[in-house]
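A single chain, nothing else alongside it, follows as structure tokens in the form predicted on its own.
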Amino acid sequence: MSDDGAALAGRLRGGDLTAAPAVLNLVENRSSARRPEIDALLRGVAPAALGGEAPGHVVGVTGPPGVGKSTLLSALVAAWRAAGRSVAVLAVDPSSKRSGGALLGDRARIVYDPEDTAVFIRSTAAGSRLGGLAPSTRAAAAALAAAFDVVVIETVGVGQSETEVAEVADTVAVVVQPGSGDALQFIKSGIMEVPDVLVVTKADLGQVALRTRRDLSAALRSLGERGTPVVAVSSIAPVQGVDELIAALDEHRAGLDVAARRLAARRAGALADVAAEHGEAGLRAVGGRRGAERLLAREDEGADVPTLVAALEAAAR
């Protein structure tokens, strides 16, 4: 089977989950020689080619290191598969300064059946900026959502620079560890603006987990975000709260204007691509980020990322 961009897009549109490894191999190759193939892939999974937005639910999962995201994802993957849903996980790890590749290899920490072809897990490098999403991760999420029921982006750490996942995901879950003081830290850093669902891990700790859940709920109320659910989960046997968490994620997606969210994601992706390719100087050439956003707003709402990038590059000349 051909692994060129257009052929891969066709396989994804047809629901061929086995195309996923070749998709990641392509989008992670940022050489100029492969750019036409990456563009063909993204055009082939854009709304114009699909007849609407990609059906997969793109879920962002972020939180401080060591909070238990990988253990939680193991439980989520098992629950999603038990419900018959296919799952792709893009675990964004810090980049190795030597190789530029993913450093930690989070897929090694997520438990799943390697023989299950409806599960795809890949560690991807964060790129040059702590907590940032590399262009390849954005492209992979957009492409895989055409075939997989759920696409998870798990990011490193949490902070103002890590909020990029909110530009890409339909639904963002921020994971908090009981008794860590993260609730107060989140209020100070503005992270409370990011989550669509808040997750308190290690619910088996009892009162300390309950207290953290109450603190987060109070913090949300003080910010006028009463509608954001706070779910307590325990990923160790017996697993608790995972079904409730999935229900909260699904409920958010059901009430979402997916077309508007994906439009914003494509525009943010185009900005990120231009910044990665040409640096901030490339954005300054079109009037900075605000000028670039005004230019993108004039483009067709169904335009794919390569078309938006081309529009920005043309305006910068």
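All residue numbers are counted from 1 along the displayed sequence. Just so it is clear, the structure is predicted and the values come from calculations on it, not from any experiment.
Quick note: we don't show the form predicted together with a small molecule, though the next part is all about it.
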> Can residue 213 be called a contact residue for the small molecule in the predicted complex at 4.5 Å between heavy atoms?
Replying inline: no
>> Is it the case that residue 82, even though its partner is missing from this view, gets within 4.5 Å of the small molecule in the predicted complex, heavy atoms only?
In response: no
>> With the partner left out here, check for me: in the predicted complex, does some heavy atom of residue 45 sit within 4.5 Å of the small molecule?
In response: no
>> Taking the small molecule as it sits in the predicted complex, is residue 52 near enough to touch it, meaning that at least one heavy atom pair lies within 4.5 angstroms?
In response: no
>> The chain here is shown without the small molecule. Which stretch in 273 to 281, 61 to 69, 260 to 268, 24 to 32 comes within 4.5 angstroms of it in the predicted complex, by heavy atom distance?
In response: 61 to 69
>> Counting any non-hydrogen atom inside 4.5 Å, which residue from 163, 171, 136, 235 sits next to the small molecule in the predicted complex?
In response: 235
>> Please identify the residue among 204, 225, 167, 149 with any heavy atom within 4.5 Å of the small molecule in the predicted complex.
In response: 204
